[in-house]
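Single chain ahead, written as structure tokens, the form predicted on its own.
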Amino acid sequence: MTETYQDLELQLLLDAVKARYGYDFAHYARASMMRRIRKHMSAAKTDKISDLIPLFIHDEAVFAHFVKDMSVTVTEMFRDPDFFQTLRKNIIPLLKTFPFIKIWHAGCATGQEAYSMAILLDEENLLDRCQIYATDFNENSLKIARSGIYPDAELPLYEDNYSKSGGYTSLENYCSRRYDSIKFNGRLSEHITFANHNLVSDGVFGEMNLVLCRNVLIYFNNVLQNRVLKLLIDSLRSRGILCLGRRENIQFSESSDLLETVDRHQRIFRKKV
């Protein structure tokens, strides 16, 4: 298939998906999207992108699997422990100055980092005056996140991350073990609202003290990166904190002048006004 025909078929597929389901993948990074589309072409035993159109349009289960592939599900408890250590040392003292704290974790995947944040806040005696809004557009991921249940085999990694992040005790104080799973306790989930939100098409979460959107923008092209970054900034209250992933750079963004750098290495920024 020539590149011209491939571009045409890709556009037809994306238009059909948007018309049928409302999902707009037009500004996702091309290379990342094509890897996922080729995976589905292989499963359908076809070498034409256009052959996926009737499959996606008429079979919601097939399309749901595509959505799952398109969403970012790579996460773990206290992922990048030094980032959480920086939050604890440098950002938590700022949050302590507010009577009530609102936090938005955009692109939360299966929720482990939202529970990590709740644990950190609890250890800093802030959880009772905090509300975390954790969002994703993948309902399968959100179902796992709401359950707070994860494989027991992952606990050693989680404990190691927690310890390196500056945790005060043990993760086992925050979860129960049963059979081959762990479940985080209700005290944490009481302060987390998991909700469906699409960064591409949905609106702002207003007046947040802290917004985290780590390692999501890298899957978007420049047009969408600019649009989503503006949405994240607009969701912050004056002087609110924005945390991005280490591979994400705002230097050439249209909204970079709205932020000042707090920690360049950890990609932590503060809204200027």
Partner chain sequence: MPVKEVSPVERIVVIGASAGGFSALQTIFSELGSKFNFPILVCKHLGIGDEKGLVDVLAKRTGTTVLLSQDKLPMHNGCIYMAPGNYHLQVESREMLSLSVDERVCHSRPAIDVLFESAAEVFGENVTAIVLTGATSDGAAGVRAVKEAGGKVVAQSPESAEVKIMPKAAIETGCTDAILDLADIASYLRQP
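Numbering follows the first chain given and starts at 1. Note that this is a predicted model, so its numbers are computed, not measured.
Omitted from view is the form predicted together with the partner chain, to which the following refers.
In terms of contact with the partner chain in the model of the complex, the residue from 58, 246, 239, 48 that brings a heavy atom within 4.5 Å is 246. Contact with the partner chain in the model of the complex, defined as any heavy atom within 4.5 Å, is confined among 78 to 86, 184 to 192, 108 to 116, 125 to 133 to 78 to 86. Against the partner chain in the model of the complex, the set 19, 23 and 138 makes no contact: no member has a heavy atom within 4.5 Å.
In the model of the complex, the partner chain lies within 4.5 Å of some heavy atom of residue 217. Interface membership of residue 222, defined by any non-hydrogen atom within 4.5 Å of the partner chain in the model of the complex, is confirmed. The closest non-hydrogen atom of residue 34 lies within 4.5 Å of the partner chain in the model of the complex. The shortest heavy atom separation between residue 153 and the partner chain in the model of the complex exceeds 4.5 Å.
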